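As structure tokens, one chain now follows by itself in the form predicted on its own.
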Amino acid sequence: MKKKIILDCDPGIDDSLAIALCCSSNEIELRGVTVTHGNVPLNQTLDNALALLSFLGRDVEVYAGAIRPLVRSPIDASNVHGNNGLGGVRLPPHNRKPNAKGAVEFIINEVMANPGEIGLFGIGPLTNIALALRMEPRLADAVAEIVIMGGAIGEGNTTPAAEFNLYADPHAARIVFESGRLTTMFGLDVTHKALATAERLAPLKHMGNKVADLVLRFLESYRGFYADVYGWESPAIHDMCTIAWAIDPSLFQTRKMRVEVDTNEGLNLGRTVGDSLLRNADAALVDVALDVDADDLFALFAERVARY
């Protein structure tokens, strides 16, 4: 049975790879793409989503969402993803427009019309999903699952404590985690093990299709950030992990933890505090991904890109 999902994203280089994997996988029925602020401002993330789906030849509706976080001032990750969010790579011109319905309205209507069937996959700041949960209190019981890329039980990447997606809107993340629906979390603890090494990308270099070529161009621009900041030869592919898990959960090892999102101003803002011994009964129960078979992950990705 196909997984029916709404992909909430902020494209973004790694979001783009997640979208490409989604659209080439028969295991997934992509019901819509909702877009939020994040890696770059909303006007750019929205255009990136539209341009990418046009490039991929996929007729999936796109919905514009939140322009800023719930409480804090907006931040972006243009230092990582470039001013256009795609590392300076330019996609071909397109004529696509977003659906007139907003992202939050779409999420609520789609999930409530199909109770127990639709999963929410949030791979950017979680503002849209949090707003939907606040506007429709029954949503948490109606959604099939919530899967996010964000957080870190260990060290963050935007501050020593916090990962970017959760730091960009920690109040939204707290609402999502505390919704009562078990959340599956793909944080830096696992995504920093999903490195796009030369060996893992080698199959893409010989495909001769436009999507493989685009992925390699994206990752070439991405590589510089990881070399400068981490001293790594290869970039980490964060968002794609959520989609790979939806296709083949056996690629990952997860552990249930009690997780609390820190929303206090200061050094720990946006931190995800994990309790693997489940002592903090007041914190949300979260299924935290901790390990990945990265070779098989990239083999899956290459096989799906070859389908283009």
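Position 1 is the first residue in the sequence shown; the rest follow in order. In this text the structure is predicted, and so the values were computed from the model without any measurement.
There is another form of this protein, the form predicted together with a small molecule, and it is not shown here; the text below is about that form.
Among heavy atoms of residue 179, none comes within 4.5 Å of the small molecule in the model of the complex.
Shown alone here, residue 164 lies within 4.5 Å of the small molecule in the model of the complex, counting heavy atoms only. The small molecule in the model of the complex comes within 4.5 Å of no heavy atom belonging to residue 34. The closest heavy atom approach of residue 149 to the small molecule in the model of the complex falls within 4.5 Å. With the small molecule left out of view, the stretch that reaches within 4.5 Å of it through heavy atoms in the model of the complex is, among 277-285, 238-246, 260-268, 59-67, 238-246. Checking 185, 123, 132, 120 for any heavy atom within 4.5 Å of the small molecule in the model of the complex turns up a single hit: 123.
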